[in-house]
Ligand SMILES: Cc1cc2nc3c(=O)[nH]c(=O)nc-3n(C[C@H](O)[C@H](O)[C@H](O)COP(=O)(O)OP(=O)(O)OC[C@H]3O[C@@H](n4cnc5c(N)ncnc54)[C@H](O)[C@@H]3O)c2cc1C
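Only one chain is included here, represented as C-alpha cells and corresponding to the form predicted alone.
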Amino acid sequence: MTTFAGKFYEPTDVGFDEAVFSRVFNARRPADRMPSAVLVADNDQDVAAGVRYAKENNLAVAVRSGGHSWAVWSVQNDTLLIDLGKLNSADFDEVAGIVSGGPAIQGGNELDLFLAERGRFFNGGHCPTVGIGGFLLQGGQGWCQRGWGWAAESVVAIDVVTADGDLVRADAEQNSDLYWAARGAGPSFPGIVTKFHLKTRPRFTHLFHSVQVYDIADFAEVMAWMYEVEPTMSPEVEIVCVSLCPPSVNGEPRKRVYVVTGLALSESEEAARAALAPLQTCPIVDRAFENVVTESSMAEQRAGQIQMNPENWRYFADNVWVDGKTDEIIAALTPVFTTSPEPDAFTIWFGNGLMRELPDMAFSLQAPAYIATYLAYEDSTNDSRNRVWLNDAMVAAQPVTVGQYLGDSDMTNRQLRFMADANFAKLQDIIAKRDPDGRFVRYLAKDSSTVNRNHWEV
C-alpha cells in the first residue's frame, strides 16, 4: 500500500469534500465532477508517489496549484487530485538572480514580498492570491507584460514529476521538450511542476499611477484615442482600461464608468511622470470626472486587486484577443463594456500594442489588445442570466476575435484558439511521447476533438 507524508482522502473519509473544494477561488463550483481521491502533498516525493498510485489504480491525475481556475480544472471525474498547496517555499540565488518557488506560492502576497526584501522583481499575476503554477503554465500575463514580456519567458528551468513518477530537471539543455511545453501548455502539460526557477529583474524604485474616469457613454471616443496612443508609449508602462461601477458614496445608484489607467514602474519620479504624460493627450480629457497621477506601491495595487476580485464570490469569466480596424473593434466590444448586468462585474482592455516577437515556447498566440470580463456576484439565482449575457457579449465580439488566453478561459462553455497551430501540433507530439497512457488530464473541454479552434469556425 502506498504511504504519503501528506494527507490522502477517499470519498468516505471525513474531510474529503473540504479537500476537494477548500482552495477553489470561484464559489460557482461544478456539480457534475468529483475526483476519486485527493492527495494533499507534503513534498515532491509525495507528488511522485501520487502519480505512481494513480497508475496502479487506473486513475488520471489532476493538479491544483493556486485554485484560481475559473472553470475549476482541478476537479474532474475518475482522477486523483494532487493538491500542491504545501509546495509554496521560495529560495533566491543572489549571484544568478534566480528565484526558485513552489507552484502554490502566491505571486503577489508571498513571492513579491520575498523578492522585495532582496531588491528584485518578478512580474507575477495581478491578483495577489494567484499561485505561480497555473499562471506560468498558461503563459503568465503579469505586471507590465506589454513591455517586460510574458512571465513564462522568465522560466529558466523546472523540476517536474513525469508520467512514470520520476522527478527530473527540465531546461534548455535537458528534457528540453518538457521545458518548451511548460511555458504555455496550461492544464494539459504532461507532468507536474514541483518547482519553477525564474529570472528576476532589479526592482523599480518608483511606481506612479495615472487614473482617468470617464462616463461609460464616452467609451467609443476614449477607445479610438487609446488605439492611437498605446503603441507609442514606454514599455515600462502598463495600460489597462476598465469598465466598472464604483461603490456608492451616499446611497445613490451605482453607475458604470470607463477608467483609463497607466502604471509606470520606473527608476525615478521624473521618468515615471514622463512615461505617463501621453495619457494626458486624450481629446476629451476635459470631460473626465477624475484625472490624477499619484505615487503608488505594489501593496496598494494588491489591495485594489483584492477589492476587485473578492474570494468565494461566484464568477463567470471569458476573454478574447482582438485585432482589426479600430472602428470595427469598438463596435464589436461595445456590448461587453457597456451592458453588464452585475454592478460588481468588470471588463478590462489590456494594451499589448508593442507586440514583441515571442521566444520559441508553447505559448504562441497574442494580439494588440486583450479583453477579459469577470462577472463577480453573490446571488446564485443570477447564474443563468449572467451566463447568457456573457455568451451573447462574446458572440458580438467574434468578428474581431483572434482567439483567447488560457488563463481566463472555460472550454466547457466555449472553445477558442489559444496557441499557434504549429505549436499545438508540437505539443501533441510531446504529450504522446511523455504521457502515452494519458496519466495526466487533458484540457477540460466540451469537445476534445476541436480544442484550439474557434468554435464558430469549426
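A residue's number is simply how far along the shown sequence it sits, counting from 1. Please read all numbers here as calculations on a predicted model, not as lab measurements.
There is another form of the same protein, the form predicted together with the named molecule; it is not shown, and what comes next is about it.
Colleague: Out of 128-136, 376-384, 163-171, 261-269, where are the residues with a heavy atom within 4.5 Å of the named molecule in the predicted complex?
Modeller: Contact criterion met by 128-136 only.
Colleague: 39, 51, 63, 416: which sits within 4.5 Å of the named molecule in the predicted complex by any heavy atom?
Modeller: None of the others qualify; the residue that does is 63.
Colleague: Would you kindly say which of 79, 210, 309, 175 lies with a heavy atom within 4.5 Å of the named molecule in the predicted complex?
Modeller: Here the answer is residue option 309.
Colleague: Examine residue 121 and determine whether its closest non-hydrogen atom to the named molecule in the predicted complex is within 4.5 angstroms.
Modeller: No - in the predicted complex, heavy atoms of residue 121 and the named molecule never come within 4.5 Å of each other.
Colleague: So in the predicted complex, does residue 103 come within 4.5 Å of the named molecule, heavy atom to heavy atom?
Modeller: Residue-level check for residue 103: yes, a contact with the named molecule.
Colleague: Is there a non-hydrogen atom of residue 193 within 4.5 angstroms of a non-hydrogen atom of the named molecule in the predicted complex?
Modeller: Close contact exists here: in the predicted complex, residue 193 approaches the named molecule to within 4.5 Å, heavy atoms only.
Colleague: Considering non-hydrogen atoms and a 4.5 Å limit, does the named molecule approach residue 424 in the predicted complex?
Modeller: Because no heavy atom of residue 424 falls inside 4.5 Å of the named molecule in the predicted complex, the answer is no.
Colleague: Just give me the residues of 59-87, first to last, that have a heavy atom within 4.5 Å of the named molecule in the predicted complex.
Modeller: Heavy-atom contacts within 4.5 Å come from 63, 64, 65, 66, 67, 68, 69, 70, 73, 74, 84.
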